[in-house]
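Have a look below at one chain only, the form predicted alone, in structure tokens format.
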């Protein structure tokens, strides 16, 4: 199975756990079979591998998410990088060209596209395999997954099939309706459009060439910022006559808000928190190393992270985005391919960060023009390289770098470091990367 996972969005509806770098799919709040916390992307990737160990998985995403992807699911996954956001049709076109030109997938092979963040069980991925198998038959150019609706939702578009059979031709699409209209659609046998579909690779590649002027993957990547923003539904699905839908009646949840996310949580508390006996339907997710105490709350979500603190009625939490849009601050926590960092203190001429490097990993070899840096090793063992000079480091060691010095850290064990940045101007853009000399 060739599967494209769409991983986009800025994640503002799940603030303060998500931000422009750390979208909702990277938040670790679900437990795996070993009782360890995992994120949506880890859960989906694990489920795909359980159903089809040989699946070719490609994640279509922005550059800002690459480090989180590698950190959470490793290097053994294809990544189609979107240079900028251009909606779902350009993203799928680019990923399809990537599969064909870079991964060497033939034009007659089926490709399945789905979001990276649904809350589903294994039957969903078995349904994805069937979707791909149906596309391989060539009876239709597109095969959609139609999700059996459980209530008249205003959040989804609707697919009206021609028949009640498991696989049917599509009569028409309907945009997101009001609740009363959604109820009428459901009475007519309509299915939710969850943005899941399959096609033979050449079909979308041809559509891409028809609607976008480009030669191959490299050329499309280079001119991606000039491509018109348009969804796949508008550009392709709603224009296609030869189209089928397959029904899916298993569990499927779109965890796009705090309200829906907490419905899928196995525990009411993640992190340090206490709820007294009068609390009802309260969920707390606390990433800070301080206790949270809740007294007499009902139907509430409390979330605390380096980015801020949210205390909200669950229903009202759906309307958080315009308020978060008004917040202007630097990213306080981010996952990197080598580990993560958390900003601890911000002053006019200094920045203090806690860095965690995973065993066997290292930072980029880099330098800064406008700031000095000091590393205080608080736990673990590793190697520091400063201007080509290598030295072992361990708990209690201090390494100082003047502006202009090239430097990196290599972790032997898990390595935790307090980094102090000092300078007249401290900016994420003040960084130049180099190759190590050996």
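Note that the structure is predicted; figures quoted are calculated from it, not measured. Residue numbers count along the first chain shown, from 1.
One more form of this protein exists, namely the form predicted together with a further copy of the same chain; it is left out here, but the text below deals with it.
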- Sort through 102, 222, 249, 344 and report the residue having a heavy atom within 4.5 Å of a further copy of the same chain in the predicted bound form. 344
- Task: Would you kindly say which of 306, 169, 183, 202 lies with a heavy atom within 4.5 Å of a further copy of the same chain in the predicted bound form?
- Result: 306
- Heavy atom of each of 277, 302 and 395 within 4.5 Å of a further copy of the same chain in the predicted bound form: yes
- Item | Stretch in contact in the predicted bound form with a further copy of the same chain, which is absent here, among 327-335, 116-124, 143-151, 174-182 (heavy atoms within 4.5 Å) | 327-335
- Message: I'd like to check something about residue 316: if you look in the predicted bound form, is any of its heavy atoms closer than or equal to 4.5 Å to a heavy atom of a further copy of the same chain?
- Response: yes
- Message: With the partner left out here, check for me: in the predicted bound form, does some heavy atom of residue 296 sit within 4.5 Å of a further copy of the same chain?
- Response: yes
- Item | 4.5 Å heavy atom contact, residue 66 to a further copy of the same chain in the predicted bound form | no
- Message: Please determine whether residue 376 contacts a further copy of the same chain in the predicted bound form, using a 4.5 Å cut-off between heavy atoms.
- Response: yes
- Message: Could you pull out the residues of 137-165 that have any heavy atom within 4.5 Å of a further copy of the same chain in the predicted bound form?
- Response: none
